[in-house]
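First, one chain by itself: the form predicted on its own, in structure tokens.
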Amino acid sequence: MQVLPKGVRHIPGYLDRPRQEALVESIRDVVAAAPLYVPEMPKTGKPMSVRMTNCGSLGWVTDRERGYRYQTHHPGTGKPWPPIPDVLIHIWRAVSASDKQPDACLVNFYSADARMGLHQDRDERDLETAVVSISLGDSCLFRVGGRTRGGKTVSFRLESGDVVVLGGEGRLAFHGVDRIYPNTSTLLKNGGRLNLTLRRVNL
């Protein structure tokens, strides 16, 4: 049995198919209000391979000029982010072990060739409250390590409906997505993977 870094929890099959379908409908409403867009890497302006949007009072964005940050509005429309759907708040309350509420939910859409390099979620002021990640759609190969870059990592497959919690010593664990397994789920009409990451930004 694979041993995950301390503080990292993988909850396979947390959401059954009906709950996954209901969550996708909620995210469709989010995307209708705050369309997916292609973020850019700081300094280079290189486009990331995922498309993204947010919901909550704050949203994580990145571009060439100002880099990684949270802001209150969509960079394309200029409108405030839509609220986090109640179904996501319920999941957060059940698995985060926190009395605080999430104030941001990053929505990443991965096409078949999208990736996410190893990184830490450390743009938040609150670096103690857990990060809760929910997988929907096609499976992926997820990789997670410790709090320092270049250390030992563990890779495992995430399926639709799985939840990963980065808390305690795992809150600043390096993690990423090495590959998508196309056509492994029928949840999303046109395929691909949605990853929803609930975070507490402010103290």
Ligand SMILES: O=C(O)CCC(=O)C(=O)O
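When you see a residue number, it is the position in the sequence shown, counting from 1. Treat the numbers as computed from the prediction; the structure is a model and nothing was measured.
Although not depicted, the form predicted in complex with the named molecule is the subject of the following passage.
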* Asked: Can you pick the one in Val95, Ala130, Met116, Ile84 that has a heavy atom within 4.5 Å of the named molecule in the predicted complex?
  -> Met116
* Asked: When the named molecule is placed as it is in the predicted complex, which of 38-46, 173-181, 25-33, 147-155 ends up with heavy atoms within 4.5 Å of it?
  -> 173-181
* Asked: Does the named molecule come within 4.5 Å of any heavy atom of Asn195 in the predicted complex?
  -> yes
* Asked: Is Arg199 close enough to touch the named molecule in the predicted complex, meaning at least one heavy atom pair within 4.5 Å?
  -> yes
* Asked: Is Asp121 a contact residue for the named molecule in the predicted complex, using a 4.5 Å heavy atom cut-off?
  -> yes
* Asked: So in the predicted complex, does any heavy atom of Ile91 sit within 4.5 Å of the named molecule?
  -> no
* Asked: Though the partner is not shown here, which residues of 100-119 have a heavy atom within 4.5 Å of the named molecule in the predicted complex?
  -> Leu106, Asn108, Tyr110, Met116, His119
